[in-house]
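What follows is one chain in structure tokens, specifically the form predicted on its own.
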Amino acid sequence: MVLILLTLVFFILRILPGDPVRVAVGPKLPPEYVKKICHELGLDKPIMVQYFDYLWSLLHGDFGKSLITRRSFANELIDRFKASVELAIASIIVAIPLGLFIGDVSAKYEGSPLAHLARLFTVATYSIPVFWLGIIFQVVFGIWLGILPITGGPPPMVKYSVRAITGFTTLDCLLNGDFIGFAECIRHLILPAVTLGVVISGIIGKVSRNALVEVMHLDYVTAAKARGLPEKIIHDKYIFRNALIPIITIIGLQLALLLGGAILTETTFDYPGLGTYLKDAVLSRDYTVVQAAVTLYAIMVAVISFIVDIIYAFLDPRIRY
């Protein structure tokens, strides 16, 4: 999957019209300088030679250099990736409990007004554009009520004043005992995290509801009820645990999406993560950064999918065989 994706991105970016080097460095530079840059980056070689050189570099952990900043992609990636990880974790913390609660209510009270309301929530959150919801939250909580900042990410004053331990500003503030800085980071993280969490919770709620309803009608659940087992034991050990596999799958896929950078959310809140980094690279035709970011995203999806497969074996012993 990774090889197919990076191959498609590599060739598509190179058949697009226009000279990416001219776009990146400006149209007024002398042709000699442009040729020098192309030679340094290997862009004057035949396309197949460029492709195999790129694969060879990837095998050695070299993702290439930015056409604009001329810095290694790895150097520019670290801060952006850490910011996206913070946003992803915060969003998942919001999404998982909310989604599981909505799915559980919808399945347990199937046919009731409460279940219909829960299903309406999943449909609404699944359909609402994430940037629209983000703008609504900005208007309500940031402008009308004035209780939360409308931009995301740690404030620069906090980010550059705290002593780096892990590289994650929010966590570093906590480890350094800077509770004021920690609270300020959380304030800037709330709106983008809640926006993403609410949208993702609709997907988790819909999948969990379908999985729970399917398990509820199986014979062993009916037999457990006939034996007079407590409702909580039936729900926790017979229904919920056996419905976890599709739920874990959708959570893993959504986490991979978040780690790859939620472009619309990060753009809406001007969040300094992978999403805005990739968006800026696309607009500036910095295709070495674009192909490196997409490749990294593909690797993350593959790794998380592999981890989810391992978790399956712990949830259902039958899968081990």
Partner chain sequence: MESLIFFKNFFKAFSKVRSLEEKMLRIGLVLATALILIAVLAPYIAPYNPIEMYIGAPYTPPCPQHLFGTDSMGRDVFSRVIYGTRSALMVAVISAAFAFAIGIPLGLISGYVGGVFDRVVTLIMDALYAFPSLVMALAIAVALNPGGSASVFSIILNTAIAISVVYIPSYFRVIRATTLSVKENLYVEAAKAIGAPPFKIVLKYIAPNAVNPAIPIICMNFADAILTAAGLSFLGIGLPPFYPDWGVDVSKGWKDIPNGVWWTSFFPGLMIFLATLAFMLISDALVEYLNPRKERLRP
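Residue numbers count along the first chain shown, from 1. Values in this document were obtained by computation on a predicted structure and should not be read as measured data.
One more form of this protein should be noted, the form predicted in complex with its partner chain, which is absent from this view; the next part is about it.
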{"query": "Heavy atom of each of Val123, Ile128 and Leu257 within 4.5 Å of its partner chain in the predicted bound form", "finding": "yes"}
{"query": "is_contact(Leu283, its partner chain) in the predicted bound form, heavy atom dist at most 4.5 Å", "finding": "yes"}
{"query": "Partner contact for Ile263 in the predicted bound form: its partner chain, 4.5 angstroms, heavy atom", "finding": "yes"}
{"query": "Proximity of Lys45 to its partner chain in the predicted bound form, heavy atoms at 4.5 Å", "finding": "no"}
{"query": "Leu296 within 4.5 Å of its partner chain in the predicted bound form, heavy atoms", "finding": "no"}
{"query": "Heavy atom contact within 4.5 Å of its partner chain in the predicted bound form, the stretch among 201-209, 239-247, 223-231, 76-84", "finding": "201-209"}
{"query": "The unique member of Ile93, Ala183, Ile147, Val139 whose heavy atoms fall within 4.5 Å of its partner chain in the predicted bound form", "finding": "Val139"}
